[in-house]
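Before any questions on binding or motion, here is one chain by itself as structure tokens, the form predicted on its own.
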Amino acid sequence: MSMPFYVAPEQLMKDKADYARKGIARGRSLIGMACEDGIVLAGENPSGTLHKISEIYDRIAFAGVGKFNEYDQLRQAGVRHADIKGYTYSREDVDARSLANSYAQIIGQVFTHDIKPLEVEILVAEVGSAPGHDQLFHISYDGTVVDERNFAVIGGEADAIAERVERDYREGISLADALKAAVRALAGPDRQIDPGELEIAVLARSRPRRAFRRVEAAETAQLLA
């Protein structure tokens, strides 16, 4: 009778983490940034039908990078979770923090117990009644949750892009300036991104209930002008 191969738990987790990071790095990055008008979410996405950014609930948005079918399943699970909780209790009881914790449990469970981890990083954003009440939660491939302040970057080259965002970000930044800063950070010093290759959405603070809206290419070009 042959003996099974032994792999140290530390090595197993390292291999899973390397595998997930490589898969995520192949995807294009995405930025969430708080501004005076709400929260702007911007990412490179030449597809007009496969969305990386979506609405979850009244004032909550979801963004994902990595393997599309995996983060889209998470998006759908988040919509069901929010709808059931809002219907069972109250719409005000649905918040980004509890949703981020649920995502962290799902992703962490897969990372720990399944052979293949999820090749995803996700961002859950909730716009508040005032800029200081905005919430940005970054959930990584192993289920780690980070409560981000002012902005968050997910996907490949996240560290370099975050450095570029930090140079341009300031408190009370307008929507147009936030979008310009996000696009400059995504493009870097060596290239430009056409408005048609961007996916932009805003959680607008001024909207009474359904805060999420998509920004089409024509409006994006106008804001970037």
Partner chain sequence: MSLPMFPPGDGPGPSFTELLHRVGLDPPTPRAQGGNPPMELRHGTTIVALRYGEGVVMAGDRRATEGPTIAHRALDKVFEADRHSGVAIAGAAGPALDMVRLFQTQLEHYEKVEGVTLSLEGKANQLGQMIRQNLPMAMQGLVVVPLFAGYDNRRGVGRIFTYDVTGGRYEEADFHATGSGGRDARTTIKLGYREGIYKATAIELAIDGLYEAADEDSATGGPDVVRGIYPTVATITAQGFQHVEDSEVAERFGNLIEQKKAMGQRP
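Residue numbers count along the first chain shown, from 1. Just so it is clear, the model here is predicted, and its values are computed rather than measured.
Same protein, other form: the form predicted in complex with its partner chain, not shown, and the subject of what follows.
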- prompt: Does at least one non-hydrogen atom of P131 fall within 4.5 angstroms of its partner chain in the model of the complex?
  reply: no
- request: Flag D58 as yes or no: does it have a non-hydrogen atom within 4.5 angstroms of any non-hydrogen atom of its partner chain in the model of the complex?
  value: yes
query: Within a 4.5 Å heavy atom cut-off, is L74 in contact with its partner chain in the model of the complex?
result: yes
- prompt: Do F111 and its partner chain share at least one heavy atom pair within 4.5 Å in the model of the complex?
  reply: no
Contact assignment for its partner chain in the model of the complex, among F151, Y103, F137, Y141, heavy atom within 4.5 Å: Y103
query: Which residues within 82-98 place at least one heavy atom within 4.5 Å of its partner chain in the model of the complex?
result: D83, I84, K85, G86, Y87, T88, R91
